[in-house]
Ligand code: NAD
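Here you get one chain, nothing else, as structure tokens; it is the form predicted alone.
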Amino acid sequence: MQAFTFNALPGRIVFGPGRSTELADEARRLNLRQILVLSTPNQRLLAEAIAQQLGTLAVGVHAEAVMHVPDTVATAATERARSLAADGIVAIGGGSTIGLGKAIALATGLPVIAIPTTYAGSEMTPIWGITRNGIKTTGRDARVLPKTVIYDAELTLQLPAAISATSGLNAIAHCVEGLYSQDANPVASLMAAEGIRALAQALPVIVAQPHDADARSLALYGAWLSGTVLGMVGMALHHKLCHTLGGSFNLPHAEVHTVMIPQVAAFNSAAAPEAMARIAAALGSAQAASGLYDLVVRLQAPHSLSALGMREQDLDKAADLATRNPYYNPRAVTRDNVRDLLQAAYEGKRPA
């Protein structure tokens, strides 16, 4: 067996329909008494309901989270937390809101309770990301890892089918890269394969029947696994490209992951055959890359960068930015082969 290093991340998981009603108890368990609740503008009503549920433990709602955590947004939220003398954060929503909670934690050390309402998996990682001047910077810091994560499928029943699909495919991307990570280990690989299986089973049901509570719970289970994988092992080319395309060209985060993961799997296929075999098996398909692409199409999700508003004339700049700094990938990365990869993703070609 190949040698490996395994780092288990701390954290408490509260999982099950209706369990968000236990939030106040979880806050008291962490000795929190002055909590700022975060959300996006679109989820303000949900955030206000959560604040009402917390009662006197809540000191305010800050519904200003946006995609890619711009530094100005992070600074304003941090100042709001300090002005209210908050001693903790509740982030309810998707990756944008949880990312904003992490930015506050990075600056202040305040503990975060995450209540994810999408399937991105950010809540399970110590990874933060902030965008400054069109460049998204990411890092790892134990301070930003949420202390408690509450998974409540009832809060996801109103999540539109299209967003559910791309959010779940984003989670699958974490599992795919976890299987060929430089830091891969047997436990993370088991979780990654199971995460792909759970999400690939749940997402088609959710798209067809958005209020299916069992499918929603299965998707949250897959999201928990995918986020755990993302938090335990390093990622590779796919995540580098997605951060570049999102941060520098302001493309939607989950949709970029959706478009890119079949193409990057095809790119890495020959260099990571064991990982590709496990991905294909989890999908129930003959091959990993084509199976991922077919799942994207089945879910009626976008499968080309052009559909996301990427301009073909910007592909050269994207290739330059993505290859500026070296990073691990199972297949050697060059500016030219990344440019070819981006072209395939721009056109939305089905991998052979």
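In case it trips you up, residue 1 is the first one in the sequence shown, and so on. Quick caveat, the model's predicted, so the values are computed rather than measured.
The following text describes the form predicted in complex with the ligand, which does not appear among the structures shown.
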{"item": "Leu237, Thr258 and Gln343 each touching the ligand in the model of the complex (heavy atom, 4.5 Å)", "value": "no"}
{"item": "Single option in Gly95, Gly247, Gly222, Pro146 placed near the ligand in the model of the complex, where near means a heavy atom within 4.5 Å", "value": "Gly95"}
{"item": "Partner-contacting position among Ser83, Thr72, Gln158, Asn133 - heavy atom within 4.5 Å of the ligand in the model of the complex", "value": "Gln158"}
{"item": "Heavy atom contact within 4.5 Å of the ligand in the model of the complex, the stretch among 96-104, 187-195, 75-83, 206-214", "value": "96-104"}
{"item": "Gln300 within 4.5 Å of the ligand in the model of the complex, heavy atoms", "value": "no"}
{"item": "4.5 angstroms heavy atom contact with the ligand in the model of the complex for Asn31", "value": "no"}
{"item": "Contact label in the model of the complex: Thr323 to the ligand, heavy atom within 4.5 Å", "value": "no"}
{"item": "Partner proximity in the model of the complex: Gln263 to the ligand, non-hydrogen atom cutoff 4.5 Å", "value": "no"}
{"item": "Members of 216-236 lying within 4.5 angstroms of the ligand, judged by heavy atom, in the model of the complex", "value": "Leu230"}
